[in-house]
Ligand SMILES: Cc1cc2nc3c(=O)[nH]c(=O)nc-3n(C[C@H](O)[C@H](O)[C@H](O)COP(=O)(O)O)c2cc1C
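Quick heads-up: it's one chain on its own, the form predicted on its own, in structure tokens.
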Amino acid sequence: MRVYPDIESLRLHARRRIPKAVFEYVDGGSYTEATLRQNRRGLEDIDLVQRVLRDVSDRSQAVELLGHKLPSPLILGPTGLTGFVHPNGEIEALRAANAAGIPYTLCTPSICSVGDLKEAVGTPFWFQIYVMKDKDFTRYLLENAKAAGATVLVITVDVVVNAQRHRDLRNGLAIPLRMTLPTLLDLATKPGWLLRMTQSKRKTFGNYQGYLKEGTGTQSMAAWVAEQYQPLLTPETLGWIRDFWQGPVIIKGVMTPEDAEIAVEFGADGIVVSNHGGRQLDGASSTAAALPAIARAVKGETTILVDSGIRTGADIFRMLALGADACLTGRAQLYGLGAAGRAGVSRAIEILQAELDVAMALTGCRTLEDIGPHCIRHRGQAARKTGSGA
């Protein structure tokens, strides 16, 4: 039995097991990947304040979100092409999340459809949607999600245009994979992945099938969707979606207090402080840097979630201390999926929860309510106070 002590060990094993183009789609960011790096740097520059001589028995990570009590402040966030990392990947990730008692969020450009999840698992899940120019297409996606039992709608608002990802261009990433010589050579080293993918229910975008004409090729489908992102994305253009859904709505992609306040005025039940994991605006600040001001502006008025750069339970602790109510993880779950399928996702969840528990114990926190700004110290600020910073 292979041992995975941390998320990085899952990442390294996933890199060995899946094609380079697929792994780098998961692992990479847009343009120079400056924001991708900044997300990690923003978290790593925050020290935890160790506290001792305290009773830290009977610790609990339990949190109430949107009227539901969860065992920990962790949500599996929306990730595209999950079913290409592992066969039926969305279904397997939902099963892992369900076993852990935490929410799973299905991404619109997923391989398995909302109907596939209902048929295979049947438990409620969250659904993430991009707003499309074709209003009928957006309505089609919403109707299918509601029929499949999705309970929470996550509207991603930071993709009014698609940013370029250089790794994907260099690798010629397409779904299905283009059989170029480099791709064929790479696949020749991944026979296990090829064999596993024969078990996949689908090999294209499941949520798009049924709306486009029968026989539409995957490349044509992807090209059509790429042109559908709505650049006119205002509260007014989102209003009909909120009214149609008639359930909890979360706005994902908020990075300033001003936009957080607009989301609250819109009636959002929650926001996700997110820079899309460094996959959209290259040069944006880290979510760890953006979160405190947003929390000061809207804490208590809406649920505050955050993603981007989270690789450890200590990172979750840092985000909670900065003002988040819970965290979404994207890459961590995909590393687990690529490394060991459903068992790998379950292991990723276990790792993050166990590391959070240790961070709580060693900082003197028994519950999430004990976690706050006093539990962390920004390294740059500490250096300036002591005069040791250059």
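Predicted, not measured: the structure shown is a model, and the values here were computed from it. Don't overthink the numbering: it's just position in the shown sequence, from 1.
Just so it is clear, the following notes concern the form predicted together with the named molecule, a form of the same protein that is not shown.
Here the chain stands alone, but in the predicted bound form its contact with the named molecule, taken as any heavy atom within 4.5 Å, falls in 322 to 330 among 322 to 330, 338 to 346, 359 to 367, 65 to 73. Highlighted residues Gln128, Thr156 and Ile310: every one comes within 4.5 Å of the named molecule in the predicted bound form, counting any heavy atom.
Think of it this way: in the predicted bound form, the named molecule has a heavy atom of just one of Gly80, Gly149, Pro248, Pro257 within 4.5 Å, and the residue is Gly80.
Contact with the named molecule in the predicted bound form, defined as a heavy atom within 4.5 Å, holds for exactly one of Asn207, Asn88, Thr302, Ser274, namely Ser274. Among heavy atoms of Ile46, none comes within 4.5 Å of the named molecule in the predicted bound form. Contact check for Pro292: no non-hydrogen atom falls within 4.5 Å of the named molecule in the predicted bound form. The closest heavy atom approach of Pro109 to the named molecule in the predicted bound form falls within 4.5 Å. With a 4.5 Å cutoff on heavy atoms, Val26 counts as touching the named molecule in the predicted bound form.
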